[in-house]
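Form predicted alone, single chain, as structure tokens, below.
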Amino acid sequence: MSKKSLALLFFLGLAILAVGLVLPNWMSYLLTIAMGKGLVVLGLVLLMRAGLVSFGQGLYYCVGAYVAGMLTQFAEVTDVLLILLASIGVSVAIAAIIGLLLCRYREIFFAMFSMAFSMILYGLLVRNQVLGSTDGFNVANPSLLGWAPGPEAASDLVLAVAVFLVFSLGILAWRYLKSLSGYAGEAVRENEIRLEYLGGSVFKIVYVKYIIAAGLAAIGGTVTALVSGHVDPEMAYWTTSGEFVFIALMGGTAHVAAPIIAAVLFEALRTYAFAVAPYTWQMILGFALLAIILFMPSGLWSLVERFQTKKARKTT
């Protein structure tokens, strides 16, 4: 990525942060939630480019959120940097163990096994009275390097952290996908046997991607917990993981920006659908996904690719 592109992304991040700070509180809240979920979907996209669809990213999303909640409520640790490091560390440790089993499976078996582990966590949390059972518990306001803002400023702090994470991790993910390890994922999807024949370790490639996806999901869960001020077992329920798959299909897997844009559009669409049809809003989401699959099977990012193709034809 050129210096010019990095500078453009830097100013774009500042512009999004400035817009988020002047938006009404409910809109900046939705924007922060969308960016948190976008990071989870970014990890899911890394797996999908290797031909794997996980219905269990809610596991690490929930782990990241609960680590944030437990640190603020039970250990009185509110520094957002320490919370993020702890959330990533716990999630990566869990993924390193579960991945030893999961990364040996493919297709529907991988999807179902990943969902099973997520539902196990859901069952454990529902029965845990100390962690609030089905109601969950509240998360204290975060601080940064000794600065403890009030409730409204705390939301702005999480928004700023989310913008920084989206752009920095998005750049890292883009560079990863352009590296040999990134391209190896597509080789896994196309022909595992040929990749093994050429000397590549399919298990190692998938294992690394699974751990990266777990870390991104934990960051997304931490952002969601800190901005919403509450965590509950629904974050590990299979419908939450299905929501991440929905957003991934909506955006497509062609670019790292696609899951972030799709997450923002998904939150806007869900809010609008709930406002106009509070009892049948899921039906509106279903029709939206059906339309995308029928007319844009590669996701919304295919619109950008079509525009770029037309522009290239005009210049030649």
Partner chain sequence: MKHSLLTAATVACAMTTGGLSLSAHAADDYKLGLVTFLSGAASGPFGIPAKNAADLVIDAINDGTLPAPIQGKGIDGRMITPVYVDEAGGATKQTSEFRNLVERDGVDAVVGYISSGDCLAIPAVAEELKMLTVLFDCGTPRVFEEADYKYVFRTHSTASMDNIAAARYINDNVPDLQSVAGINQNYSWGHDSWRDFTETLKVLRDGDIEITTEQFPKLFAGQYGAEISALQVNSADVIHTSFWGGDTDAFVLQAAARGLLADNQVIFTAGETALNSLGEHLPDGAIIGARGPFGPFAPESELNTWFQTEFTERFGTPPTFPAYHMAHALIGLKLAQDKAGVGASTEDVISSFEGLEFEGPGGKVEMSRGKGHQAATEMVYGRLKRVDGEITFTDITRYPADCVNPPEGTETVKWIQAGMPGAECD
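Here the structure is a predicted model, which is why all the values come from computation and not from measurement. Residue numbers count along the first chain shown, from 1.
Below: the form predicted together with its partner chain, not depicted.
Participant: Using a 4.5 Å heavy atom cut-off, are Leu30, Pro151 and Tyr279 all in contact with its partner chain in the predicted complex?
Facilitator: Spot residues vs its partner chain: full contact, yes.
Participant: Going by heavy atoms within 4.5 Å, which of 21-29, 291-299, 7-15, 304-312 lines up against its partner chain in the predicted complex?
Facilitator: Stretch with heavy atoms near the partner: 21-29.
Participant: Given that its partner chain is left out here, which of Lys204, Arg175, Arg189, Arg127 has a heavy atom within 4.5 Å of it in the predicted complex?
Facilitator: Checking each option against its partner chain in the predicted complex, the one that comes within 4.5 Å is Arg127.
Participant: Would you mind picking the one in Gly200, Gly182, Gly170, Gly132 that has a heavy atom within 4.5 Å of its partner chain in the predicted complex?
Facilitator: The option sitting close enough to the partner is Gly132.
Participant: Do Ser228 and its partner chain share at least one heavy atom pair within 4.5 Å in the predicted complex?
Facilitator: Yes, Ser228 sits close enough to its partner chain in the predicted complex that at least one of its heavy atoms falls within 4.5 Å.
Participant: Would Gly136 show up as a contact with its partner chain in the predicted complex if we use heavy atoms at 4.5 Å?
Facilitator: Gly136: yes, in contact with its partner chain in the predicted complex.
Participant: Are any of the heavy atoms in Thr224 no more than 4.5 Å from a heavy atom of its partner chain in the predicted complex?
Facilitator: Taking the distances in the predicted complex, the answer for Thr224 is yes, it comes within 4.5 Å of its partner chain.
Participant: Spell out, yes or no, whether the shortest heavy atom distance between Thr72 and its partner chain in the predicted complex is within 4.5 Å.
Facilitator: Output for Thr72 is no: heavy atoms all beyond 4.5 Å of its partner chain.
Participant: What residues, if any, in 268-292 have a non-hydrogen atom within 4.5 angstroms of its partner chain in the predicted complex?
Facilitator: Those in contact are Arg270, Thr271, Tyr272, Phe274, Ala275, Pro278, Tyr279, Trp281, Gln282.
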